[in-house]
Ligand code: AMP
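Next up: just one chain, as structure tokens, the form predicted on its own.
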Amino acid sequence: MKNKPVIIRSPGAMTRWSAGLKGTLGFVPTLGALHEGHESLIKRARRENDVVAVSVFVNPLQFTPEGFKKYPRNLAADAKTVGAAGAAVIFAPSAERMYPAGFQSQIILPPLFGALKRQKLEWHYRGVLQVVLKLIQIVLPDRVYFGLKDPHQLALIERMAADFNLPVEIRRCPTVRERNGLARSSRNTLLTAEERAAAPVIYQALRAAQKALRGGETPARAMRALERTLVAEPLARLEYAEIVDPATFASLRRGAREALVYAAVWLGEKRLADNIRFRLK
């Protein structure tokens, strides 16, 4: 371990610590169960800032009760990862401290993504925005680092930061993948050995759609290529997929220069999502 990070559990103590800093503060918000993807975010934040803070908080507002209960938690292991990557502080509050008695405020999602309504995930992203807003107000960072694995989440956070004039820079970071293409995710630890062996089919399906689009096929034909790839894996069940313009999240039109292919897939009782963004011309 490079250093042993300080663990702060009180929002007030976290704000006082940040307010007393000299230099720039980079911040990586996480749910915990840290992996190589989180490490890459922390290391980039360390390169670009004088000090780095990481939050480890399983946010109940973005989970179903069952999902919240099952989410893996190991703060001791996370602290080793954080320290090795070069961060100085872990903010690890309880749900009671983040949402004390009487907490009622909510964020209304902007009408950016019809996909969120079709997926019935508005409640989830509303919970994400609420916790990100609170964390930014508590930690007081100069820059906040997010991976590109969830493009809807990142776009909503960027919109919120702009709409509320949050005094932070939102930094986008590439998705970290295993050799077989599977996106690194804390949820991967919940997969059985059989499910983990099947999981790379998600990335293979995204690449099948990419190949079709770059070969001149229509988005509809590219979507069928994605679906055929997933159907070939018995454990995979497609929940939702879309092919859109990454700048607007509108349906891809003829002459588009870039595309975003996104898929949410069930492997048993575990839901995994992934996407790829690429140039068409």
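Since we're looking at a predicted model, the values are computed, not measured. Start at 1 with the first residue shown and count on from there.
What comes next is about the form predicted in complex with the named molecule, which is not displayed.
- Contact annotation: the named molecule lies within 4.5 Å of heavy atoms from the stretch 140-148 in the model of the complex, the single such stretch among 190-198, 79-87, 140-148, 103-111.
- Interface membership of Arg126, defined by any non-hydrogen atom within 4.5 Å of the named molecule in the model of the complex, is ruled out.
- Shown alone here, Val176 lies within 4.5 Å of the named molecule in the model of the complex, counting heavy atoms only.
- Using a 4.5 Å cutoff between non-hydrogen atoms, Gln130 does not count as a contact of the named molecule in the model of the complex.
- Taking the partner from the other structure, the named molecule in the model of the complex has no heavy atom within 4.5 Å of any heavy atom of Pro219.
- The three marked residues, Gly32, Gly37 and Tyr71, each reach the named molecule in the model of the complex, with a heavy atom inside 4.5 Å.
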